[in-house]
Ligand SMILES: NC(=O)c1ccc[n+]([C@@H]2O[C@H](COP(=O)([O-])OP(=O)(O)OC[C@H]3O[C@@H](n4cnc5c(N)ncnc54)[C@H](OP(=O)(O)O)[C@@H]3O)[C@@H](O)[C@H]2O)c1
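Taking the form predicted alone, here's one chain by itself in structure tokens.
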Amino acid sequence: MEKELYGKKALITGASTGIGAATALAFAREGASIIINYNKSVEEAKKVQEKVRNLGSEAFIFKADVTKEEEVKQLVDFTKDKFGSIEILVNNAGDLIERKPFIETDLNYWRAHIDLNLTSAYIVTKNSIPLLLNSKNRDRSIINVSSIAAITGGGKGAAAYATAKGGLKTFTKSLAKELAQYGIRVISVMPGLIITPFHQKAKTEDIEGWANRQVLLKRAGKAEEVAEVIAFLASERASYINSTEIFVDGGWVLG
């Protein structure tokens, strides 16, 4: 079977662990070459790179804090040096830094979540658009990893995170309107309760119990299940999907 992403080049932010790492491997299985961005988890990034290369795809790692434009510019320059252009940008970097009741938060806490989960996507996208425009491939895409929290408001102590992810959802629609003239599709992926290191850091309690109550399929999802959807959206099979949200949540029970 022909590999769906053969010949395409991708930049994935926050790709050393979780959904980002799983996406890098899903892309590699489909033949894409990948820039694996990380910030702190260098050993994990190296492991992802090795796995990608073992799958027969080209991969490079690059450290950059995507909330800082100077570091993002260095990341983009590195990507241009290695690939010349890209066909796929995945804005995956993001985190719930700390669960905290809203009345206990301060402006620094708020700004840290907005910067990491929303402003980072602006910075990376703004600087990466020339790489997308440099490509002669007719199918190019930007995939923003938002969250079911953008719809539900998030769990306890996650107001800033959920607000940022809601902004990312809106950013997707606005960007799609502007980039359609260049043939660039922009889509949001909305993961639900997915088992990743995110929940360990965020101290999510009783994940399976929560999944049993809130998810129609009565289980938490896997990073690989989100990654496969992202790989599909980056392929030409999804060439008429644009300016929308794709939920990967097992059937979330609102309320």
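Don't overthink the numbering: it's just position in the shown sequence, from 1. Here the structure is a predicted model, which means the values were calculated and not measured.
What comes next is about the form predicted in complex with this ligand, which does not appear here.
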TODO: Establish, in the predicted complex, whether 17, 161 and 192 all lie within 4.5 Å of this ligand, using non-hydrogen atoms for the distance.
DONE: yes
Open item on the list: Is residue 28 near this ligand? Define near as a heavy atom within 4.5 Å, in the predicted complex.
Closed with: no
Open item on the list: Test of understanding: in the predicted complex, would residue 66 fall inside 4.5 Å of this ligand by heavy atoms?
Closed with: yes
Open item on the list: I'd like to know whether residue 40 contacts this ligand in the predicted complex, with contact meaning heavy atoms within 4.5 angstroms.
Closed with: yes
TODO: Using the partner position in the predicted complex, report whether residue 214 sits within 4.5 Å of this ligand, counting heavy atoms only.
DONE: no
- [ ] Select, from the options 80-88, 171-179, 142-150, 127-135, the stretch whose residues sit within 4.5 angstroms of this ligand in the predicted complex by heavy atom distance.
- [x] 142-150
- [ ] Could you check which residue among 93, 76, 118, 123 gets a heavy atom within 4.5 Å of this ligand in the predicted complex?
- [x] 93
